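In structure tokens, the next block holds one chain alone, the form predicted alone.
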Amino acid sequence: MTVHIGAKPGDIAETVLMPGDPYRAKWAAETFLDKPKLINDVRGMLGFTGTWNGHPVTIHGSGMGMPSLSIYVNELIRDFGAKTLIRIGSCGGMQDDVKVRDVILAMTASSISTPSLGFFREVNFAPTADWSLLSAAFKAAEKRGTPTHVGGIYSSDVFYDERPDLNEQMTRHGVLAVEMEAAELYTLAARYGCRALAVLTVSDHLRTGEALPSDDRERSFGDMVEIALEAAFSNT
């Protein structure tokens, strides 16, 4: 048990999927895991552990933004022994060939600032995904026939962005999408020697203004969860 996670020793699996929304964690656990058990509800941040194809899996919310995710990832790795952490979440498309409902596998995650910025001082650290997870997720997506893009994303530290100039430069430099957590996840995974990946569903598009209707979200997000699970256990 930690300040933010009320789980007991052994309650959390080495493989953890992390949506931002705790209720999406509940939905994913109840939909994809066998015998999911609630292992955390401190501050309303829900976590569940069950099995997928016989493999222990925890699905735990991260909250919104890098500071919130940083708290949970630090504790999951340091205090509960998590080894593989996969963010499953939504993002905003930034390229014309990226469509709503597509899946993005984040190879890199750029940012202006993260909770870990003070560690590096003058160094512009480049947070990257784990290659074994990235390649396995791409193969899983191909097998499913899911439209998928692999490349760099941008982790913003604000939701209500008022920097159209920055978005323009991100798009100009090939950034696929924007979200709010992956850069810190990749940095923490590098620090602790763990595997990390962000598997994202495009829920809206910054250039076209299109957005995924609420009643379509669960069906579209299901592809993302299954890709993440297949990638996590591709070598077992």
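In this text, residue numbers run from 1 along the sequence as written. Note that the structure is a prediction, hence the values are computed from the model and not measured.
Heads up, the form predicted together with a small molecule isn't pictured, but that's what we're talking about next.
Could you confirm whether Ser111 comes within 4.5 Å of the small molecule in the predicted complex, counting heavy atoms only?
Contact check for Ser111: no, nothing within 4.5 Å of the small molecule in the predicted complex.
Taking 4.5 angstroms as the cut-off for heavy atoms, does Leu185 touch the small molecule in the predicted complex?
So Leu185 does not count as contacting the small molecule.
Answer yes if any heavy atom of Phe159 is within 4.5 Å of a heavy atom of the small molecule in the predicted complex; otherwise answer no.
Heavy-atom contact with the small molecule at 4.5 Å: present for Phe159.
Quick check on Thr171: any heavy atom within 4.5 Å of the small molecule in the predicted complex?
Flag for Thr171 set to no.
Please identify, from 32-40, 185-193, 47-55, 172-180, the stretch that has a heavy atom within 4.5 Å of the small molecule in the predicted complex.
Result for this chain: 172-180.
Just one of Val73, Ala137, Cys91, Ile88 has a heavy atom within 4.5 angstroms of the small molecule in the predicted complex, so which one?
The residue from Val73, Ala137, Cys91, Ile88 that makes the contact is Cys91.
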